[in-house]
Ligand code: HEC
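First, one chain by itself in structure tokens, the form predicted on its own.
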Amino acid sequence: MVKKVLLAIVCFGTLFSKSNIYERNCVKCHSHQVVSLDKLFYRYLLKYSSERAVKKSLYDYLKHPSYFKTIMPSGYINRYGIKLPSKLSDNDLKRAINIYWDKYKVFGKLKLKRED
């Protein structure tokens, strides 16, 4: 009985927790970085332009970071180096990237001003 109650508490705590995979793993570390997550997002968007291409390049870089895959300038890489590969599972990494995309995407958020 006690085990069932503890399991229910853990499940509800996970479901209703304010933090998610993106906040726990990405925001936690990037809050101390020189370049913010929103700036990184816009660099990716500028270079890759589509949702599919941005998500794929992010996934590829985070799984296997390299100098040739980074979007950061060489001066930044020379000073701070290349990040370590993500320890997240494939599914968790994809979920974090989806949350990141939804948070910063501009598509559907821009409003056109009508001039009548």
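All residue numbers are counted from 1 along the displayed sequence. Worth saying up front: this structure is predicted, and the values here are computed from it rather than measured.
Omitted from view is the form predicted in complex with this ligand, to which the following refers.
Notebook entry, point to check: Going by a heavy atom distance of 4.5 Å, is G81 a contact of this ligand in the predicted complex?
Noted result: Yes, contact at 4.5 Å.
Check: Can any non-hydrogen atom of L45 be found within 4.5 angstroms of this ligand in the predicted complex?
Finding: No, L45 stays farther than 4.5 Å from this ligand in the predicted complex.
Note to self: Within 4.5 Å, heavy atoms only: does N91 come near this ligand in the predicted complex?
What the structure shows: Residue-level check for N91: no, no contact with this ligand.
Margin query: Residue-level contact is defined here as any heavy atom of the residue lying within 4.5 Å of this ligand in the predicted complex; does A53 satisfy this criterion?
Written below: Output for A53 is no: heavy atoms all beyond 4.5 Å of this ligand.
Item checked: Stretch 60 to 84 - residues with a heavy atom within 4.5 Å of this ligand in the predicted complex -> Heavy-atom contacts within 4.5 Å come from Y61, L62, K69, T70, I71, M72, Y76, I77, G81, I82, K83.
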